[in-house]
Every structure is written in C-alpha cells, then in structure tokens.
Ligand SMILES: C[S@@+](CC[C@H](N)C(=O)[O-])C[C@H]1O[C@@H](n2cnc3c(N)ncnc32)[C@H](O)[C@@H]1O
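We begin with a single chain expressed as structure tokens, specifically the form predicted alone.
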C-alpha cells in the first residue's frame, strides 16, 4: 500500500496516529529529543498513547530489557506495529510492557519513571482528562524525572471535556502553565521543532528543567529536507532574537571590547 494515499486518522497503523508520511519523522524527533534531555538505556520510560509504536520502535530497541512501558487503548495498533515494524524476536529480547487503559492510569505498572512522554495526546483532550493525566504522571515520576508533552497553543481555550479524535483542541500558554501548577509540577516551554504543536517539559524539581543557556541546544532542526525547512528558519529566528537581546543588555564597555575583538580577528584572518 502507498501510505501517501492515506489521510491522518485512516484505519491503518501508520495513519491512525497522524500523517502517515511523517510516521518516520515523528518517531525520530521524539527519540532525538529524549536523548538530548538525558535519556540513557538504563532508564525507565513510559510512553503514554504509544499508538503504533511510531516512537516506541526506536525506544524499545535502545532501552535495556524491560525498561520500556507503553499505554495505548487501541491494542490493534500495538499488534500491527509488532507485526510490521519490530517483530516477535525483538519483543522477546527487550520485553516491553503494555497496558490498554484509556484513563491515563500510570500506577498499573507499579513503577516509577525517569521519563514520561505524551506526544499529541493533550491535543485531543479536554481539561478534565489533562488534569487527571498530569496528576497521575506526577505520582509515577521519579523525584528527578522528566515529563515531555506537546500541546497545541491557541488564543482561546477549548472548553469541552473528554476525548476528541481525530479532531484537535488547543489551549493558551497561561492555561497550560496552570495545568502544570495545579498538578504540583514545574513547567517550561522549549523550542524543539514540531510541525504542528509545541513541546513542554514538566518536573517535580525545577532544577531538572533546562535553563536559558541550554535552550539553544533544543532546536530539533532538520537539515536538507524541504518539508521541514521551517525548523531551520525558526531556529535562525530564535538565534537572532537571542543575540539582539544579549546585545541590548550588555554594558557599553563590553560591547566596545567585543567589537574590537571581532575587528582584530577579521584583520588577522
């Protein structure tokens, strides 16, 4: 089957979870992001809404035996992913664990996690479900663990409840921060590239969140792929804004010293 003929939400394991032509990218970008945030093979990771293991197939291969956990209400998605992407032998070697609840019940595994990921889950959830999910995430997160999620940012909050699929919902930045605060979590927005949504990090400990100096390493830029040219342009815009801000706050003597330093370097080239 030519997956480019499928639409997001179609009844196929590569399409039901999102645009099928981005199946590879959306898995890879999650893997890249978590490795950048410190994921190691010995960590315990929970993938909430793991779907057809779009990212899970990469994490399962990377993590040590028994370290990957997934929650997905649609068991057929996982079955199709194992059949078409991973194979039974890898499952026997890595021994991932799955649960099929739709209530964001994370204590089902009786495990504390270093990382909890929920990509494109809250973009389909009312505030009632988001509140339940974040409280459960907090209870299952190690003291120094990290929660990695995406939201659709909008200027007006979705005011419905329950699960919305395949439609999408969004929230204001202030509301997203309130969700975290009410769950007893610290939160920050990061500039890691996503074609349609925005990445947020949440933690029990504020020091587990990246500081401003670290943010420049969280761009998620994709080079030489025309479809994702926006990621590079956006990164360059962020760099320009940061440089302009730093230039504005620096004292004039330091600015003059920097200009002299750059001039001398140019003359010596």
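Computed from a prediction, not measured in an experiment: that's the story for all the values here. Positions refer to the first chain, counted from 1.
Absent from the display: the form predicted in complex with the named molecule. The rest refers to it.
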query: In the predicted bound form, the residue from 115, 192, 104, 158 that sits within 4.5 Å of the named molecule by heavy atoms; finding: 104
query: Residue (of 198, 74, 85, 127) lying close to the named molecule in the predicted bound form, criterion heavy atoms within 4.5 Å; finding: 74
query: One stretch from 34-42, 204-212, 48-56, 223-231 that, in the predicted bound form, holds residues within 4.5 Å of the named molecule by heavy atom; finding: 48-56
query: Contact test in the predicted bound form: residue 134 vs the named molecule, heavy atoms, 4.5 Å; finding: no
query: The named molecule contact in the predicted bound form: residue 140, any heavy atom under 4.5 Å; finding: no
query: Heavy atom of residue 163 within 4.5 Å of the named molecule in the predicted bound form; finding: yes
query: Heavy atom of residue 121 within 4.5 Å of the named molecule in the predicted bound form; finding: yes
